[in-house]
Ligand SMILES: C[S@@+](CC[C@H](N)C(=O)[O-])C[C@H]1O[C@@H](n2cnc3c(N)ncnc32)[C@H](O)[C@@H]1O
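What follows is one chain in structure tokens, specifically the form predicted on its own.
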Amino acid sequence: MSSSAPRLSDAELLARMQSFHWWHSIALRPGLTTFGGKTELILAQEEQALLAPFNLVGRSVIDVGAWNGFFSFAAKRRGAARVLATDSYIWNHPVWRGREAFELARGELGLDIEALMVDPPDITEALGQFDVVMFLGVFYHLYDPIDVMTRLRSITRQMLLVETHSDLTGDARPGMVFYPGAILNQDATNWWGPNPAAMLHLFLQLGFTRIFYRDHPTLGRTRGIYAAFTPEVEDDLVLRFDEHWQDLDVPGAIEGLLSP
């Protein structure tokens, strides 16, 4: 991505960085990393868990709920041919000013990444098809996540990658906990906590044919990571699932995940 804007000095870049509220800690230059709520170490562990098993080289990726863009940038660095970062709530937020922060990072890193302001409930097939759809840390913030998951299925060519808050992990029955008000982490945008059984059957209902699961690398079973594949998935998309990943759509898999 090229830009005709003059390059900021280190002092100017630091001042711009300090004017935003960041969630992602992104190294923009040596010695200049954004002041994110998530540390570089945590994000490195999440990137390894979420993206390392998959071959993104030459593939198209959409990051739904990109926030500051860390995972959009990571996908591009891992060889994705096309990356589209989307957001709405954070990018329009008067305090977080997420779009401005994203643009600062994108411009400084010089990565060829597209951006589109779109709310997940407004996603339709008109957006096009993507080999990989990333939906990280968004599911539980939606009042109607099942509608949005249906929409995401319509734009998923090969894999939908979901990371979400979890609840009812000791129950083999599909279920979700509803959080009214701000009872989950004092955040009124937190609505739902699904368990792995609920996510498995939701993916199957949407026409995905293989579903894999792993616990979050630092938060454990309180957050789940799911990789759901369409019947059209290419054999070389998966590089290697390590011991942390489990095939959910086999007999006994859900029972084996039950918390003591």
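For every residue, the number given is its place in the sequence shown, counted from 1. Source: prediction; values computed, not measured.
Same protein, other form: the form predicted in complex with the ligand, not shown, and the subject of what follows.
Proximity to the ligand in the predicted complex, taken as heavy atoms within 4.5 Å, picks out 64-72 from the listed stretches 26-34, 64-72, 51-59, 202-210. At the 4.5 Å threshold, heavy atoms of residue 119 reach the ligand in the predicted complex. In the predicted complex, the ligand stays beyond 4.5 Å of every heavy atom belonging to residue 165.
Taking the partner from the other structure, the ligand in the predicted complex has no heavy atom within 4.5 Å of any heavy atom of residue 161. Contact between residue 106 and the ligand in the predicted complex is not found at the 4.5 Å heavy atom cutoff.
Here is the short version: of 127, 184, 115, 138, the single residue with a heavy atom within 4.5 Å of the ligand in the predicted complex is 138. The contact with the ligand in the predicted complex, taken as any heavy atom within 4.5 Å, belongs to 90 out of 84, 176, 123, 90.
When contacts are defined as a non-hydrogen atom within 4.5 Å, none of 149, 214 and 246 contacts the ligand in the predicted complex.
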